[in-house]
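First, one chain by itself in structure tokens, the form predicted alone.
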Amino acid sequence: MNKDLELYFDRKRSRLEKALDYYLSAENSQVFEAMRYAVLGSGKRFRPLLLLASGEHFGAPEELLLPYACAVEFIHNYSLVHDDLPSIDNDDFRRGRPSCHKRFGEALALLAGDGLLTMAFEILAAAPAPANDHQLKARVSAEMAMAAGPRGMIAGQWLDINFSPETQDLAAYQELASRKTAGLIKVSAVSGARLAGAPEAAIQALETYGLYLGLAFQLRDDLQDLFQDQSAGKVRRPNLARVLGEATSREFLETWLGRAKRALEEAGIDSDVLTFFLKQLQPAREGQP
């Protein structure tokens, strides 16, 4: 990463952390303690940084974008808290420490996830409207809700729960990933640009960019999980990299990243920051996650 990009991301992460902490300090209670534990102090902030980057590329000020970025991050972290629960993925650790339900118990973790999701829409309701355009604010909020809801991420989670690890159907894996992972990444890429008043052609390009960025994000995670599962001697569900094999998975990863990059290029969106999100997902050397 060049120095300018490094400074840009450091600055944006710092602003995000302060804003997230602000919202999560609204009350001193056990529920808020569990919510803070789930969100603060860790995480790549991939989705909110993407929203900030797309919005700022088209001229939106940070103070307009920041509440929407925090809302996306709360939605994402709610999903992680619930994914880790014994009734879904049953994961004891998240980001190198005990998962929320291991730290606070299942009941409080469930409520903390509910709290993060509902607070996301509380933040959206209070967020400023770009140029006092409340219809545009409502559209962005509705698209976030659809990406997170029963036609989006929740549908993907249900597909994930019911997915057979033996399934060899690439289209089925893509459907799962497009709903569970790519949907929220795509809406992050689009929302910033919408709030900035970007032209429709740019919005459509960012939808394509966000979709393939999201698919690549999931496949990159699957590759990393494949190595972890092998080292731990366990098989987890479902994992496209296990179906395709390492070499073919890397080919798909390159293909999807290439499609995302072409979407930007064909729309004339020249952004080192948006391109860097693609570079973050470039596969490592074969034999490494």
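For every residue, the number given is its place in the sequence shown, counted from 1. Computed from a predicted model, the values in this text were never measured in an experiment.
From this point on, the text means the form predicted in complex with a small molecule, which you will not see here.
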Stretch in contact, per heavy atom within 4.5 angstroms of the small molecule in the predicted bound form, of 104-112, 177-185, 137-145, 124-132: 177-185
Interface residue in the predicted bound form among 202, 153, 119, 196, criterion: non-hydrogen atom within 4.5 angstroms of the small molecule: 153
Contact of residue 79 with the small molecule in the predicted bound form (heavy atom, 4.5 Å): yes
4.5 Å heavy atom contact, residue 218 and the small molecule in the predicted bound form: yes
Contact of residue 157 with the small molecule in the predicted bound form (heavy atom, 4.5 Å): yes
Residue 95: touches the small molecule in the predicted bound form, heavy atom cutoff 4.5 angstroms: yes
